[in-house]
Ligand SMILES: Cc1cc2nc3c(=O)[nH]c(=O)nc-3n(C[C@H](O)[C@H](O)[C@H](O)COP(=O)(O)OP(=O)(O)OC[C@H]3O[C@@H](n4cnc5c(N)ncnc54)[C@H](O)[C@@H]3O)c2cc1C
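Presented as structure tokens, the chain that follows is alone, the form predicted on its own.
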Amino acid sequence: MVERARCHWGWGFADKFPDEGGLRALGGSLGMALGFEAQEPRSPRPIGEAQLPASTFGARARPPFFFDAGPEARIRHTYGRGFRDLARGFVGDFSAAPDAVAFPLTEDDVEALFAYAERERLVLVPFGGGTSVVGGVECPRPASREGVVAVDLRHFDRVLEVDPVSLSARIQGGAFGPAIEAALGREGLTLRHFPQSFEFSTLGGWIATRAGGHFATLYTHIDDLVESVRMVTPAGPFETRRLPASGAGPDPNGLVKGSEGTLGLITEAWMKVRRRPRKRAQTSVRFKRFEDGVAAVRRIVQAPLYPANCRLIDATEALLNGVDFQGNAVLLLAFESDDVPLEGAMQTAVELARECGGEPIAATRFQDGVSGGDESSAAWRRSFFEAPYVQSRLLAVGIMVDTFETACTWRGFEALHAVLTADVTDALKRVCGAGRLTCRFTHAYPDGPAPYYTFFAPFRRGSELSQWAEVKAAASEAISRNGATITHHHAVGRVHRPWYERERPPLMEAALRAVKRTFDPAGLLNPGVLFDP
């Protein structure tokens, strides 16, 4: 069977990119909804015409394990999938390509790679699924180094062991989301971690970036599902003890979670899994005012009811995603369980929403299994996983689309939202001449929400990177100035690092550097992420 080809520059599968007619129709319909015109479609530069520098491996002694210094492997391991990555890939600019890609088969290969990189003065960049939107996998070569090598752990791709008694599973770091779910599904289990990048991202990448997943409350990050982790570092293996919880000093798993490839390569982890849900309750509630929906979410999560889905989307986002066409904000609510009745929790949540001015769109649906659901939730789900494809398509018709996300306290949200809306809208008009900003809650906590924003704007071809940078900076400055976090689940990378430096405590950088010297004394791994080399 022929493997379905991934797009070399944009999101997902290559065969999902539409033809010129499809692009023109998309640009016209979305431009009309957003209030500005799309441009005539342009085609991305084919992979065979991509521009990239010569590899330093042409004259270098080959290592004793598999490397690929060919142009296609290097192109496919150059960028993540943020807007600036897509924009450069679209025009065939792969000037940031690594010199080679390593594909270790075993932990012994990883250790040999570290020795080889130190001897040859190379930089190593861990590359999971390549879905970073914050510059986490793009590494400019430091002046003191002779080359950059991307490290692809695709051969570490199995569920190695399942413990049905403890509800946990030992999974390799290079396993992609669908493979994990397929293997666990045969045991009637699920990890139930579904980030938007689920199809194209790996367990190791999720842990290294503290990825946010399926659950809107309670188990919001991959952090909550890690039981123990094994990471191979230049100084040797680092493996934590498998425990449900511990009060013994600072959490050693915490050194790995969020390390973003700076300390080692995550080769496997014991993860907390659960039985596949057999019961689900879903409904949608409309609000004439977004702020009333905000109040409803706060009351629901402070009850506390812990719904699996508690996503509030504003009126523009509801319109663009086919959820509501009447100018309402919509709250998508869902509860799920293996065997616990859900009627009481859902009834309470709906009543709390009513008290805040909400009106259920349709009767709550209770069902066995995990398929189906109310129409609003189904429309949202389809749009959610399709959104990264739409971002790539709109680039071809001159429309810039990108996102930023944060988290703050409930007390601070109203002021933060007002400032973000004003500053980003102003930047869009000043830099691009027009634009729209939408907001939704991806996750919610008893003490605050995680708002997620999407901006749309026309761009001038040839200036899209500078225009994007100004809008992104306006958003990041507003977030930082108002005491919110620069990222709730997209990670730091190189894009967020200036604002992360303001957010972390002053002693944190010194502590991170000390850990780096212990785990990676030669400074081989992903320099420029989290802190300077």
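Remember, it's a predicted structure, so these values are computed and weren't measured experimentally. All residue numbers are counted from 1 along the displayed sequence.
There is another form of the same protein, the form predicted together with the named molecule; it is not shown, and what comes next is about it.
Q: Work out which of 257, 417, 280, 81 lies within 4.5 Å of the named molecule in the predicted complex, going by heavy atoms.
A: Exactly one residue meets the criterion: 81.
Q: Exactly one of 349, 331, 407, 137 has a non-hydrogen atom within 4.5 Å of the named molecule in the predicted complex; which residue is it?
A: Selected residue: 137.
Q: How about residue 127: is it within 4.5 Å of the named molecule in the predicted complex, going by heavy atoms?
A: Looking in the predicted complex, residue contacts with the named molecule include residue 127, since a heavy atom lies within 4.5 Å.
Q: Could you tell me if residue 168 has a non-hydrogen atom within 4.5 Å of the named molecule in the predicted complex?
A: Answer no; every heavy atom of residue 168 is more than 4.5 Å from the named molecule in the predicted complex.
Q: Taking the shortest heavy atom distance, is residue 284 within 4.5 Å of the named molecule in the predicted complex?
A: Output for residue 284 is no: heavy atoms all beyond 4.5 Å of the named molecule.
Q: Please tell me whether any heavy atom belonging to residue 204 falls inside 4.5 Å of a heavy atom of the named molecule, as the geometry stands in the predicted complex.
A: Contact check for residue 204: yes, within 4.5 Å of the named molecule in the predicted complex.
Q: Go through 95-103, 300-308, 355-363, 196-204 and give me the stretch that gets within 4.5 Å of the named molecule in the predicted complex, heavy atoms only.
A: It is 196-204 that comes within 4.5 Å of the partner.
Q: Using a 4.5 Å cut-off on any heavy atom, which residues of 483-521 would contact the named molecule in the predicted complex?
A: Contacts from 483-521: 489, 490.
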